[in-house]
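Let's start with one chain on its own, the form predicted on its own, as C-alpha cells.
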C-alpha cells in the first residue's frame, strides 16, 4: 500500500480511539479487542459491515431528499451493493450461528430437518441461510423467494455451484402471497418490516404452514416507542437506515412505511392477529440489534 495514504488513514483510526499510537516510537497498534469487532471472521462480528450503509446513504442522497418533498418512495435498484451488505450482515447474525444458536430456538426443528420437511425462506436475499441448511439437511426440501432478481440470480448460482438439488430459488413479489398448507417450516430473516404490507405477509405465511408448522422470524429488536430506544444498540444508525432505505422502500411499493424500527411490539401483535400460537420472543448474545420470534400454526 502507499504509505502516505495508510498514514492518513491511521490518523483517522487513532483519533477515533480504534488504533493506539505510541508517539515516542511512531508505532501504531490495533488492540485485539478492537480487532475482534472490525475484522471478518472475528468472534464478535464485524461492525464495519454496518458502516457500509453510510456510503449507500451518500449514493441515494439526492433521490431521498426529493422524497422528503414529494412523499414518494424508492426501489431496491436505487441502492448500490445493498444485497452484498445484507448478505454480509446475515452471514454474521444468521448463517454463522444458524446451527448452534438460531435453529435450536424452534424446539425440535433440527430433528425434523434431518428427517425431511418442506421449508420456505420468505425474503431470502442471496440465500446464505438456505444454502447452509440445504447442504446440512439433504432429506429436506428448501425454497427461497425474494423480490429482487439480482439477489435470486446470485443465490441460484450458489446452489448450482454446490450441487444442491434440494434447493430452489424464485424471484417473487410476496405481495398477495397465498400458498396454502405447503410448508412445514417458514423463516424470514430481517425481511418483514420492508414489505409493502408486513401484516398481510405474516398472515399469508401462517396460511402457508401446515398444521403444527413453525415460523422462525428475525427482525430488528427495537421498540415501537422512540423513548424506549435511546440506549438501544446503534439506534441512530438504524433510524438513519430506516430514513433512507426501509421507509422509502415500503412507500415505493405503496406500503405504510413502518420503517426499520417498527418495533418488536408491532411484530408480536401481528403474529398474534395472524393466528399463530405459542409465540415466543428471544434475544441472542451474538445479535444485540435483533429479536427472534418462534410461532406455530396450531
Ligand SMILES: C[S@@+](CC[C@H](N)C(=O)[O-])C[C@H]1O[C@@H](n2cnc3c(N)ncnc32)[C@H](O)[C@@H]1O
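If you're wondering where the values come from, they're calculated on a predicted model, not measured in any experiment. Positions refer to the first chain, counted from 1.
From this point on, the text means the form predicted together with the ligand, which you will not see here.
Here the chain is shown alone; which of 200, 156, 86, 105 has a heavy atom within 4.5 Å of the ligand in the predicted bound form?
After the contact test, the surviving option is 86.
Can you work out which of 253, 229, 266, 46 has a heavy atom no more than 4.5 Å from the ligand in the predicted bound form?
In short, 253.
Using a 4.5 angstroms cut-off on non-hydrogen atoms, would residue 207 count as touching the ligand in the predicted bound form?
So residue 207 does not count as contacting the ligand.
Is residue 214 close enough to touch the ligand in the predicted bound form, meaning at least one heavy atom pair within 4.5 Å?
Heavy-atom contact with the ligand at 4.5 Å: absent for residue 214.
With the cut-off set at 4.5 Å between non-hydrogen atoms, does residue 147 touch the ligand in the predicted bound form?
Residue 147 belongs to the contact set for the ligand.
Since only the chain is shown here, I'm wondering whether residue 221 would be in contact with the ligand in the predicted bound form (any heavy atom pair within 4.5 Å).
Residue 221: no, not in contact with the ligand in the predicted bound form.
For the interface check, one of 120-128, 135-143, 178-186, 107-115 should have non-hydrogen atoms within 4.5 Å of the ligand in the predicted bound form; which one?
Careful reading of the contacts points to 120-128.
Could you list which residues of 174-209 come within 4.5 Å of the ligand in the predicted bound form, counting heavy atoms only?
Sequence-ordered list: 174, 175, 189, 190, 191, 194, 195.
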